[in-house]
Ligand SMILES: Nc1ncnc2c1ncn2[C@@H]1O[C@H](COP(=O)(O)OP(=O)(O)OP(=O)(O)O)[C@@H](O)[C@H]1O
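Form predicted alone, single chain, as structure tokens, below.
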Amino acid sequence: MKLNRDSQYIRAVRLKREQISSFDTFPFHLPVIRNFKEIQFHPNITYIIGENGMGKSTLLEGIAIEFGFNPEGGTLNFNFATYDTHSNLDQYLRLVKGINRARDHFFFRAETFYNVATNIEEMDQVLSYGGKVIDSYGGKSLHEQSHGESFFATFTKRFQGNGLYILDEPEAALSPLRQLSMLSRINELIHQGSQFIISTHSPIIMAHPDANIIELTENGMQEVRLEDTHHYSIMKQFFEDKDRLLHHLFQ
């Protein structure tokens, strides 16, 4: 697929390393920050992957907050706060933006999406003009759906195209079939001029062929192919030689 440079709403992220006095405290002690190098974002999708503890979610959170999103997620118009646990990493990041501006925006965090759903209901209780906020999510309360259904309603109903979408572990409540459906929806939105930055553990979600995969390790970050990721190799080994793998695992 031809790269859509017009939809590259964020071109890169840089670290203001000169302003960091110590790399011994959170979040600067995280491997992704200690070994940070400039990330050049793909116009379509950039996947940020790696083992737990590498700093994927913290990095995505910092990028999202620096762009203007609420730390707990939602659109640029969400400004609620359930609890204040986000880091100050955003103050040490510099975003290089594209020349065009997205018409739609959403920061999706699996771990705080319940709070977003609650805030939507609270806003609809006080708003007295225009349509309800929940209408753009399909009209049905997100709390009256399973986690997977509410996640998927957001991806299929709320995401409108020509958008910047930052997603932190969107596969958390999705079955493998739903993950495939989500990948299809991502592809549709790309063709509608959207850009994605996604943190994920799912080889299905990270399988889009027109994307960059940035893998975080204790030694730094590097761009890799899907087939060279630990996620892919472990799943491949499991399904191709499950009995042997389980034999060694259970010893």
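Note that this is a predicted model, so its numbers are computed, not measured. One rule holds for the numbers: they count along the sequence shown, beginning at 1.
Omitted here: the form predicted in complex with this ligand. The next part is about that form.
Residue contact with this ligand in the model of the complex: G53 places a heavy atom within 4.5 Å of it. Using a 4.5 angstroms limit between non-hydrogen atoms, H201 touches this ligand in the model of the complex.
Interface residue remark: E72 is not counted as part of the site for this ligand in the model of the complex, having no heavy atom within 4.5 Å. Taking non-hydrogen atoms only, I213 never approaches this ligand to within 4.5 angstroms in the model of the complex. Of the candidate stretches 39-47, 222-230, 55-63, 184-192, only 55-63 has residues whose heavy atoms lie within 4.5 Å of this ligand in the model of the complex. Contacts between stretch 164-191 and this ligand, counted in the model of the complex as any heavy atom lying within 4.5 Å, involve E169 alone.
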